[in-house]
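A single chain comes next, written as structure tokens; it is the form predicted alone.
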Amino acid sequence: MREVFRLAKSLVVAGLCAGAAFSAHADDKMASLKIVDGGIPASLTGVAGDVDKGRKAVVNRKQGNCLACHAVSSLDNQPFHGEVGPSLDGVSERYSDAQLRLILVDSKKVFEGSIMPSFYRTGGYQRVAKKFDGKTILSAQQVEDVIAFLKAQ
């Protein structure tokens, strides 16, 4: 019985160490971003976002998929707007570009307990399929494109 207890204790300690190592190395994209006053002031790419490309990312069910949770009046031709999250109409009046950037990059940094995905994080997740491990949902430029689209709403 004592050996089983010792083995279980060793497995717990090993799991905690592995989890800490995973979190430390895997979230490298977030580590390089400077968060100031609840936002990321600098563009992720240094290139202005494109409204039309942002619209495509917002409606794409395999990328942004924003309409799964949010309604956007200018996209009323798209089916199935969600009601879980707030409407994105006028969102740039409620949040600065820097705040929108952080919300898209990692919503949990702004809204603790949010179910919104972190679109530009690469780590800190559990049970990630190998084909997605170390990858972001949106590219840095797509984040900037979505911000451009949101500013046009």
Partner chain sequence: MTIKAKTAIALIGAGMLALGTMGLASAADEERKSIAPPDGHPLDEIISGYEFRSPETQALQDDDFENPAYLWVEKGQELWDTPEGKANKSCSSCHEDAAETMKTAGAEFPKYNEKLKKPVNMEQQINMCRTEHMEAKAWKWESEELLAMTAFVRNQSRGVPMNVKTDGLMKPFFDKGKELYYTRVGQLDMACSNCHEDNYGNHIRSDMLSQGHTNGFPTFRLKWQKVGSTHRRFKGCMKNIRATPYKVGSDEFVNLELYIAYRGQGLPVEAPAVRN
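None of the values given here were measured: they were computed from a predicted structure. Positions refer to the first chain, counted from 1.
Beyond the structure shown, there is the form predicted in complex with the partner chain, which is absent from this document and is the topic of what follows.
Shown alone here, Ser139 lies farther than 4.5 Å from the partner chain in the model of the complex, counting heavy atoms only. Although the partner is absent here, Gly90 sits far enough away that none of its heavy atoms falls within 4.5 Å of the partner chain in the model of the complex. In the model of the complex, the partner chain lies within 4.5 Å of some heavy atom of Arg121. Contact check for Ile115: a heavy atom falls within 4.5 Å of the partner chain in the model of the complex. In the model of the complex, the residues of 91-112 lying within 4.5 Å of the partner chain by at least one heavy atom are, in order, Arg94, Tyr95, Gln99, Lys108, Val110, Phe111.
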